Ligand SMILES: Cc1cc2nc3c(=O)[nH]c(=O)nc-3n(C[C@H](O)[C@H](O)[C@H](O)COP(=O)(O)O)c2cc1C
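Only one chain is shown below, in structure tokens, and it's the form predicted on its own.
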């Protein structure tokens, strides 16, 4: 009887063969080499804003992810935007703080935190709910104001109807006064509480797209080949001409029809900041477009103090480009910014988890800012000033 138990039969033979096959290294060739089968973490597992980037990378097609990620040309300024925060040290004050006050007022808008959502385009390629979901997530995160891009994938009116939080509008001027007037009247009628006009010139190539070898030229963010028979462009370098007509006198014209605060975005020099004041601008927005305009331009952070000095407190100064941590926000505020804008972080949150991802990403940044203020001994935003930092800009 005992001998019969160990005799090989058909069932045992097949079981042994299956075990051998399962353990064979040849099994690896049956795996799908083009997909990542790792587990997507739960939203509650997100601990930093950078955690959302990894999830967005997994969820998005490569051209769509690259559209959010890239900077101009060699991406020198993209790297410099982050490096600049390493050149600013925080010098905490020995003062115990338990619950810092992060509330502020900005151009008539009440802020629970000195944080805005910077204008970014095409949210539908990130998530099926698009900009309305971004707005809903921002509103849920302590009523964070959202600046809606002029090239949003959903009309401003529909976005404004998706929630009841603060909402601003960003304009790319057209070389057509009537078109600009119609847009400005329309968004103000739909509830825009401020108008942000972008003035930097996007005339650069994005080499990361070129390096894709045009594998998917029709995808969002991809390179589209022109098949038009209109002939060569009027300039030899194929520089887009739709933003090369700007003149400061345009703001004198818009000042007459814009009844809400008017802001200039893309200021990188004290001279331009002073011109903004001459034309009655309500706030100066220091930004290099997230390093998507002119490569080898300075980082926004390293020019911020000089621009703040040039403005001299006459109008608020808003800042964006490169922020990834709550301590980064504290550094920008200490250098004179009245509020900061977050661009890529909100896009990562939307792509990863929709509206709830935007909310969670913003709440993480808000919590990190509070923690940084507590550690620095700042009981309120009024206590945040240049005595809090040491800079070593090149």
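From a predicted model like this one, the values you see are computed outputs, not experimental measurements. Residue numbers count along the first chain shown, from 1.
Only in words, not in the display: the form predicted together with the ligand, which the text now covers.
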Original post:
Which of these stretches, 302-310, 246-254, 145-153, 98-106, has heavy atoms within 4.5 Å of the ligand in the predicted bound form?
Top reply: 145-153
Original post:
Does the ligand get within 4.5 angstroms of any non-hydrogen atom of residue 172 in the predicted bound form?
Top reply: yes
Subject >> Contact of residue 321 with the ligand in the predicted bound form (heavy atom, 4.5 Å) >> reply: yes
Original post:
Using heavy atoms and a 4.5 Å limit, would one call residue 119 a contact residue for the ligand in the predicted bound form?
Top reply: yes
Original post:
Applying a 4.5 Å heavy atom distance criterion, does residue 287 contact the ligand in the predicted bound form?
Top reply: yes
Subject >> Candidate spot 67, 198 and 343, all three touching the ligand in the predicted bound form (heavy atom, 4.5 Å) >> reply: yes
